[in-house]
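In the form predicted alone, a lone chain appears below as structure tokens.
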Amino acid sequence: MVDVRCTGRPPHEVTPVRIEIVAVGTELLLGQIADTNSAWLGDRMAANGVASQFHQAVGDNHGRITLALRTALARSDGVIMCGGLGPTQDDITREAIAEVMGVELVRDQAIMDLITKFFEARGRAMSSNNARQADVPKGAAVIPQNGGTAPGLICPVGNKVVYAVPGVPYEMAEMFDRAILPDLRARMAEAGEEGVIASRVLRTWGASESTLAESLQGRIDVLDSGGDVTLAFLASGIEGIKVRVTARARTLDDVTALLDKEEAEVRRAIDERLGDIVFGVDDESMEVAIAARLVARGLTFGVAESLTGGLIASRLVNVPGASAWFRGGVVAYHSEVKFDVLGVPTGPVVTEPAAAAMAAGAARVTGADVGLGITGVAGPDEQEGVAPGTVFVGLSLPGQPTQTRQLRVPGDRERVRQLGAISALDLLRRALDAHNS
């Protein structure tokens, strides 16, 4: 279970605190960078029962920023502004906030000292424009920096609030968790939102969002008719579809019981319609699921990759302690490497038999109990008469004949490789579940 917050009135009587996100930066409007900050904030607030009803993006223009901020405050209880707090001439978020507050900017000497020490510690000269980052709207509270130079701000505007954080994602996320979320929780408690809200996320692979939603329509109908639990679907690209279960109750024990009950209902509904497509809960990635199964069975693993070029091995070593069960991998991109190192028979290498031989070769070369081989065509052109998006996977498990599967995955070259990697790992997950079961 994750993300618990305090809220005392029955859930249907609570009016949630409404927050709007305003992302600042002309580069966002030009498509030069993706607005990942708003997506992260929206997901984080939803998991904590905070209503995020609007998102805006605005360029580095004083008049437009103030208009965006006034618009947000007119329809929301609070605003989170991301970006525009740096030292350059186009970083004007603090000036816009001060105008909306009707106050002047005041230079905070404590912040100035921290910025100066930041540069001194790195042996760098500080240019004079960095001093702008120490300017704070009068009456605002400062969120100190832990990783950079621009502090965040908590700015009262009547009975509403404006939070301002840097656009650097890790600085934004750290400030949100450390300062903004606790402040939001306090405001929600003041508004009478007592009790506990918590969420749990079930991670799935192998079904589309529409198919998954159809399989859960019965549960959705039951929950929509009234209750303290909701379901939401989160499309997560190459990581599959997530089903987020959110519950509200008086106590932590009560909300945990609600989540346990609904998780069981959701799993049962999915299993009956779609089979075993749930591979993890909350932060449990596919590679974490693989690691847990290998460790539970006392098995080691090796991989031979052509199509994915090391993506599978890279995912696996993200798991702490992977050296206990992951023996290693071979990136056999050229056919001769498949023949000479892995023992693939001379001939076509984009076939199910080639994938099977690669799996057996991976186990043999790395000395692993379990071997996986993957080959295919990423595109854009066909290879050996095989269409782009075709993936062949081989699995070698102790005491069993080598298994093979042919998959068809959509997308461009990079997407085919990424989807091929997680699809192969999902086949391994299912095979391990069946092994000695």
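None of these values were measured; they are calculated from a predicted model. Counting begins at 1, following the sequence as shown. Note that the rigid core is defined as the largest set of C-alphas that superpose within 1.5 Å between two forms.
Omitted from view is the form predicted in complex with another copy of the chain, to which the following refers.
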Practice problem: Go through 359 to 367, 104 to 112, 149 to 157, 209 to 217 and give me the stretch that gets within 4.5 Å of another copy of the chain in the model of the complex, heavy atoms only. | Solution: 359 to 367
Self-check item: Residue among Arg273, Arg293, Arg132, Arg244 with a heavy atom within 4.5 Å of another copy of the chain in the model of the complex
Solution: Arg244
Quiz item: Would Ala39 count as a contact of another copy of the chain in the model of the complex, using a 4.5 angstroms cut-off between non-hydrogen atoms?
Solution: yes
Quiz item: Taking heavy atoms and a 4.5 Å cut-off, does Pro401 contact another copy of the chain in the model of the complex?
Solution: no
Quiz item: Does Thr308 make contact with another copy of the chain in the model of the complex, using a 4.5 Å heavy atom cut-off?
Solution: yes
Quiz item: So in the model of the complex, does Leu407 come within 4.5 Å of another copy of the chain, heavy atom to heavy atom?
Solution: no
Quiz item: Looking at another copy of the chain in the model of the complex, is some heavy atom of each of Glu27, Leu30 and Arg327 within 4.5 Å of it?
Solution: yes
Exercise. Could you list the residues in 333 to 354 that come within 4.5 Å of another copy of the chain in the model of the complex, counting only heavy atoms and keeping sequence order?
Key: Tyr333, His334, Glu336, Val337, Val341
Quiz item: Superposing on the rigid core, does the Cα of Asp60 end up 2 Å or more away between this form and the one not shown?
Solution: yes
Quiz item: Core-aligned, is the CA shift for Arg297 between this form and the one not shown 2 angstroms or more?
Solution: no
Quiz prompt | Core fit, then Gly361 C-alpha moves 2 Å or more between this form and the one not shown | solution = no
